[in-house]
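One protein chain, two forms: both are listed below as C-alpha cells, the first as structure 1 and the second as structure 2.
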Structure 1
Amino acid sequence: MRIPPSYVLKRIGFLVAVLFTAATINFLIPKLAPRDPVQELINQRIASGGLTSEGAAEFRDSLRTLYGLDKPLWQQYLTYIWNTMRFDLGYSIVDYPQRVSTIIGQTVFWTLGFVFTSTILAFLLGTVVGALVGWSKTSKWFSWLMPPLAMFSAIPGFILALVLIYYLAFKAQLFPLRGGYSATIDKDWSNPQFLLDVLHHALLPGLSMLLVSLGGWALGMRSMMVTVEGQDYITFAEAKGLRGSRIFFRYALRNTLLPQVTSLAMQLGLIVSGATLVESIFSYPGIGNRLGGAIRALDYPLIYGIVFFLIVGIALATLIVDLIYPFLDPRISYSGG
C-alpha cells in the first residue's frame, strides 16, 4: 500500500503545528500559578540552615538570572521556544545542577518498564477476551468474565493501587510496599539479583495498571464484535463453509482491530501521565512520580521538559498510527481518487 509523499509531508506539518501549539500552552499554564519557585527554594534553604538571610537576596538574583526569570514574559517565551526547538531543556531548579534531559533519561525507563508492559498485556488480553465474549459462537462461560472486567474498568487506577497495597503488600506481604528496588541491594543492572528485585517491585504497580486497563479494552472490543457479527461478509464467509476459527480471526477480529489500534496509540502516548498517581502511591522512581514532584515544587524547567516529552510521544504515536492505517485496512487509501 503506497502512501503519497504529499500526505506524509502534510501530516508532518500538522505534527509541527501541534507541537508548537502544545509547547506554547505548556509554557503559559505554570506561569499562572501565584507561587514563586525561586523564593520557595530559598525559604527551604534558609529553614534547613544551608543559606543565611544575608545571602538570600544575592542567591535569589543569581537564580532568576540563570533561569531567565528576570526578563519580561515574552522574552522568556521566545527563549523557551528556541531552547525547545533545540531540545535544550535546561537545568532543574530544585535539583540543580542536574539537567532536565538527564532526569528524564534516568526516570523514563522505570516507567516504560512496567507501564508499557502492562499496557501491551492489557491490550492483547482485553482484545481477545472482549472478542470471545462478543462472538456468539463461543462458550457462554466467557460472559461471566464481563462483570468483574466492567467493575475493574470503573475503578480509578490509584484506588485499585491502594487496595492492592493493603491486601497483597501489607496484609499478605507478597510484594514490597514502595520503591523501585530494595535499599539493601546495590544498583547494578548486570546483577541478576538486582533485576529480579526490580521486577518484584514493579509487579504490583503493573498489576494495578493492568487490571484497570483490561476491562476497558474488553468492553470496547465486545461492543465492536457484536456490531460486526451481523455484517454481510460474515454471513457470506459462513455460507462458504469456512472454519469458525478462520471466520473469527480473519473476518471478525481483523475488521474490529482498527479502533483498538487507534486507542492503543493514544494509550502509549499517555502511559507516563496515566501512571503519575500510581507511581506516587508506590513511591516508584518513574517519570510520572517525578512530574508530580516537579509540579508540587513548581520546577518550571522540569515541568516543561517532561510535559513536552509527553506531547512528543502522543504526537508521534498519532502520526505513526495514521500512516499505518492502510496496512491494517486495505480499504483505506490516501491517494487521490
Structure 2
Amino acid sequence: MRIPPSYVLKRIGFLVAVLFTAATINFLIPKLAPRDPVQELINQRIASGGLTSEGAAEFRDSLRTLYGLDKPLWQQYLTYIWNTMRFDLGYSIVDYPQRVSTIIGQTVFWTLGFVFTSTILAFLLGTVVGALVGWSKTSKWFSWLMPPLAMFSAIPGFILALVLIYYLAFKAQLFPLRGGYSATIDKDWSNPQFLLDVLHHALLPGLSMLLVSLGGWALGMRSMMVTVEGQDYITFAEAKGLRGSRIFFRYALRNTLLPQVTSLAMQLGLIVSGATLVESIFSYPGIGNRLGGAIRALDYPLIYGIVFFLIVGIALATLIVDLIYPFLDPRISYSGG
C-alpha cells in the first residue's frame, strides 16, 4: 500500500496549523488576561521577605527585559512563535534558571512509561474481552463482565485513584502511597532493585488508568463484533466448515480491530488529560504532576510550555496513526485525496 505524497503533505500542513494555533493561543491568552505573572512573582518574593521595595522595581525591569515584555506586541508575537517552533520554551519562573524544555525532558519519560504501558494493556485486554462478549458462541458468563466495566469507564481515573490509594495503599499497604520511587533507594537505573521499586510505584497509577479505559475498549469492540457476526462472509466461512477459532480470529477479530485503532488515535488526547490528573493525585514524578505544581505556583512559562509540548506530542501521534492506517487496512485508498 502506497500513501500518495499529496496526502502526507496535507496531513503535515494540518499538523503545522495545529501547532501554530496552539502557540498563538498560548501567546494571546496571557495578553488578554490582565494578570501580571512578573508582578505576582515579585509580590511573592516581597511577602517572603527576600526583596526590598527599591530592589523590587529593578528586579521587575530586568525580568521584563528577560521575558521580552518591553518590546511591541507584534515583535513579542513573532519572537514567541519563532522560539516555540525551535522548542525554546523559555525559563521556569519558580525554578529559575531551569529551562522549561529541561524540566520537560526530566519528567516526560516517567509519564511515557506508565501511560504507554497502561494504555496498551487496557487496549489489548479490553479488545479481547469485548470480542469475547460480542461473539455469540462464547460462554454467556463473559457478559457478566460488561456492567462493572461500563461503570468503571464512566468514572474518571483520578477519582477512582483516590479510592485505590486509600484501600490498597494506605489500608492494605500493598502499594506505596505516592511518588515514582522510594527515597531510600539510590536512583540508579542499572540496579534491578531500583527498577523493581519503580515498577512497584507505577502499578497503582497504571491500574487506575487501566480500570477506567478497559470498559470503553470492551464496549466498542462488543458492538462491532455483533455487527461483524451478522455479515455474509462470516456465514459463508461457517458454511465452508471452518473451525470456530479460525473464524473468530482471522475473520471477525481482524476486521473489527481497525476501527479500534482509529478510536485509539482519537482517544489519545483524553488519555493524556486523564494521566495528568492521575499523576497529580499520586504525586508521580511525570509531566502531569509537574503541570499541577506549575499551576499551584503560577509558573506560567512552565504551564504553557508543558501544555504546548503535550499538544505537539498528541498531534504527532495522531499523524503517525493516520499514516500507518492504510498499512493496517488495505481497503483504504487516498486517491480521492
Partner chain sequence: MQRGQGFRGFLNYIRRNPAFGGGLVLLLLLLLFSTVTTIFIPKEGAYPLAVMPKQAPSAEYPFGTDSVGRDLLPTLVYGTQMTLSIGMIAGVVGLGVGTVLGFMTGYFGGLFDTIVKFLVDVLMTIPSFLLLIIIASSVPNPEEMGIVRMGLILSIVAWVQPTRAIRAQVMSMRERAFVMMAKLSGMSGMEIIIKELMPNLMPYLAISLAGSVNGGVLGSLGLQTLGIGNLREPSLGMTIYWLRYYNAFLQGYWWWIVEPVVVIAAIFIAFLLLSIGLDEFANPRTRRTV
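Just so it is clear, the model here is predicted, and its values are computed rather than measured. Residue numbering: structure 1 sequence, from 1. Whichever C-alpha set is largest while still superposing within 1.5 Å between the two forms counts as the rigid core.
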query: Either 1 or 2, the form predicted together with the partner chain; finding: 2
query: Per-residue C-alpha deviation between structures 1 and 2 [residue 28; rigid core superposition; Å]; finding: 2.7
